[in-house]
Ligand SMILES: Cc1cc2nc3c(=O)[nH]c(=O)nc-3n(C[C@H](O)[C@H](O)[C@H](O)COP(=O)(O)OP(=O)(O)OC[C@H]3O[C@@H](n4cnc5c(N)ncnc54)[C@H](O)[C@@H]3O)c2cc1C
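What follows is a single chain, given as structure tokens, in the form predicted alone.
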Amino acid sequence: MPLHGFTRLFENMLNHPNIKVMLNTDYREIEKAIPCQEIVYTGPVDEFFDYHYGKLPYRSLDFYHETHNTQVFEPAPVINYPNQHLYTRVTEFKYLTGQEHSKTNIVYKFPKAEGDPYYPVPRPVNQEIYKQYKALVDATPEIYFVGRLATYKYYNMDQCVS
């Protein structure tokens, strides 16, 4: 975990006069209006190429938040529950932030097939489709495709920030 959190880390990285951050913006609506030489793209690779080879499947999540009247709820900041529960992970944020309070907040993560994309689905048939998109990526050198969605690969957070 970065010393001041991921938000501060990215704020510091993006605080440069040559970098313009535009949130909640559809790239297709602005691509001709904003002159640039290079772009960093972090969205779904299949969406970028208008689903030319079909839609890649992504796993989505639902989040359920709870507040508990106890200093700590879990014995660790993140606990994975791969098989025995409907949720896959519980996160208790105060471990990660160093927050001290008499109450604590946790979030349950429930996997689902539809919704905002979070994780690629690692199956051989999906990798074959991604290989076709990867050829389009390689033919687009002015755009950097990065992150789980754009490279159709799972990354742990330590791999992303190290």
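Here the structure is a predicted model, which means the values were calculated and not measured. Numbering starts at 1 and runs along the sequence shown.
If you look for the form predicted in complex with the ligand, you will not find it shown, but the lines that follow are about it.
Student: Find the only residue in 61, 106, 136, 56 having a heavy atom within 4.5 Å of the ligand in the predicted bound form.
Tutor: Flagged contact: 61.
Student: Spell it out for me: taking the ligand in the predicted bound form, does every residue among 25, 47 and 147 have a heavy atom no farther than 4.5 Å from it?
Tutor: Looking in the predicted bound form, the three residues 25, 47 and 147 all sit within 4.5 Å of the ligand (heavy atoms).
Student: Which one of these stretches, 97-105, 66-74, 26-34, 125-133, sits within 4.5 Å of the ligand in the predicted bound form when only heavy atoms are counted?
Tutor: The contacting stretch here is 26-34.
Student: Indicate whether the ligand has at least one heavy atom within 4.5 Å of a heavy atom of residue 43 in the predicted bound form.
Tutor: Taking the distances in the predicted bound form, the answer for residue 43 is yes, it comes within 4.5 Å of the ligand.
Student: Which residues in 96-122 have a heavy atom within 4.5 Å of the ligand in the predicted bound form?
Tutor: Contacts from 96-122: 109, 118, 119.
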